[in-house]
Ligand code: NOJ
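Just the one chain here, laid out as structure tokens, in the form predicted alone.
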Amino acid sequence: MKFFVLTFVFCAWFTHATTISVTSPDKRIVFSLTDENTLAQYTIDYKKERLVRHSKLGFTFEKAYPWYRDFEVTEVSRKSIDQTWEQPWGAKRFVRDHHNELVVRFTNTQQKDIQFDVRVRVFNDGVGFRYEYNGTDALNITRELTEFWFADSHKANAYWIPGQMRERYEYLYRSTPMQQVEGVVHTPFTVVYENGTHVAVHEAALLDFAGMSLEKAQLGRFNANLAPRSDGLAVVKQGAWTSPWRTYTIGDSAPDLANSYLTLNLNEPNALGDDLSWIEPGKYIGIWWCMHIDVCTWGSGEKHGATTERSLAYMDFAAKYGFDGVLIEGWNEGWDGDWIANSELFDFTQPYPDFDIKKVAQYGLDKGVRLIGHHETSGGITNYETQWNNAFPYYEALGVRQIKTGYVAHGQNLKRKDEKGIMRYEFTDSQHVVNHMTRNIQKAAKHKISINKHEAVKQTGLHRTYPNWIATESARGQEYNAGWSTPNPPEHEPMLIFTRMLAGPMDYTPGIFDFDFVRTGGGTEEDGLHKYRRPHSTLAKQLAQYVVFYSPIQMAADIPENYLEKPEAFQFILDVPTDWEDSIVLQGDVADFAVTARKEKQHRQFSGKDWYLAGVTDENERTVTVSLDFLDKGQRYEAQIYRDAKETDWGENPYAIVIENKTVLATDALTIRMAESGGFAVRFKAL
């Protein structure tokens, strides 16, 4: 009899649960919200199979009642959107936003005035959901309870880097079975199932909130982990607020992930007004790589890089070869000594005595080249902010339209003085620093300046709302190939395309042409270390990066004389644009290889008719056959092909390259071999 009663109660408990679902326009994705067991939860089904198991929703607060147990769900609203919007710059000019939206309200069954909404948007390529609070209370968040519980995790591999660690996002990605993921991991977090289903977890529209990492809880189950503020809280809010979107990009292949615009679609439209002509995509060179290979220095002295003489020479080179700007690092006071610890010493309007910034800037403008500014903060948030009212007008008066910012602060110890003048130390993605990054973008926009952020908070699609957020590093970039560190391995580039690059444009700084530089501690041919300290890349792979890595600004990172030694290969860098009408990742597997096609956008010297194609591979030699059906039908093209030669070897002979031309149509195909850690690049010039 007791057994019968328990069974009856158990069944009644579940029959009272409410589940409300919304599907993608193509019906393949179903997102459901439920109050089963009186817990706020969600599930995701993909192609009629469970992808995400019952995962909890909610928050805990410093003082307020937690959003966790004793909640019931009711539907608030539904709508469908199918519209197309235009980007001022981007990998794709016109973006389709096609989704079904559901808003539900979770109400506490014991205290009816405790409520929160969850807004869900389901696209054909994934899902975004966020929390919305419409009350007036102060809510200090101590923990986000959102779970990401993958079904059948034993059938999936994951690609990830550790989160909230010393080097921010600058780690090599690891490839492990999902059940072997360790600790806290950054997003985008990419998962590949045995059946071919690909998933990437990330967030969109990170504003006035803490950045979210994922913390492993058990096999296949992860919890949201918000970067803590210096006061120990996660997020402080007063009155109504919304969280960033928690996102799943879903597809049947790695290219499906890379071809998604879900993150951008979940951000608000442009907030900077109609005139965006001052935001200028383009290519640049810079006094930068010479520091990394120990030819010159950021600090003053006999090897100082940012001298007037060297800067004028770079301006001449840029003007002669059609580059839009010259980045000059190490120009301002504060670099001497241990500059990573110098955050309080940087002066953003005081040049070193051997650098005449006004002369250099005007010299460039007279030649049609802009000085690209540089603000390295070494994590000194307050020191930087207190100088904004002088630093931005200073650069604006010089004709500067872009600034590269840096936040090199090991251990994520960014320095912020509180209202009492006490120094506080913040994570790169804490709420305080997230807000600093946003204010920096907004302040720059008032002076018609775009920002390229390095060592910064990850991208979450905010370049839609603030188009002057023109690029971000937030990953392990090219500088790790300069000999002072273990170089990026061959799989790094095809890994980034399906992980980090899912977040947004990356300033990877491609185009290294000399792999035989010698720096202190870099190794020599004789000691056997040279091969392993040099970039793990072929020359053709360096060219390919201008196409497979998207950024509206691309650097020719090497020193000018190295380009003059290889003029035939240099021609591709001179030809390739950075702003695109359309982009398609055609082939690829995470960490193995990628093949991408892009059509140029009509702008200045670019006709809008040419296409570009490129591929990169890992440590494996690989031959790909690429259908050219992406080309415009009926148009003849001259395919200008840059590819690895038969004898190309990244360790022994990385410079061997074949450059050849052939006439092609959209009905043709190209079969191209890539050497180990090699690549290829093709310009299809319309005839």
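Bear in mind the structure is a predicted one, so any value in this text is a computation, not a measurement. Counting begins at 1, following the sequence as shown.
Keep in mind the form predicted in complex with ligand NOJ is missing from the figure; the text below concerns it.
Partner contact region in the model of the complex: 327-335, out of 327-335, 428-436, 207-215, 355-363, criterion any non-hydrogen atom within 4.5 Å of ligand NOJ. Residue contact with ligand NOJ in the model of the complex: D558 places no heavy atom within 4.5 Å of it. Looking at A313, you'd find every heavy atom of it more than 4.5 angstroms from ligand NOJ in the model of the complex. Although the partner is absent here, R598 sits far enough away that none of its heavy atoms falls within 4.5 Å of ligand NOJ in the model of the complex. Using a 4.5 Å cutoff between non-hydrogen atoms, F572 does not count as a contact of ligand NOJ in the model of the complex. For the options V408, A138, L172, L398, the one in contact with ligand NOJ in the model of the complex, meaning a heavy atom within 4.5 Å, is V408. The partner is absent here, but in the model of the complex a heavy atom of W298, alone among Y193, Y466, F71, W298, sits within 4.5 Å of ligand NOJ.
Judged against ligand NOJ in the model of the complex with a 4.5 angstroms heavy atom cut-off, the residues H292, E376 and E473 are in contact without exception. For the stretch 445-473, the set of residues having any non-hydrogen atom within 4.5 angstroms of ligand NOJ in the model of the complex comprises H454, E455, E473, in sequence order.
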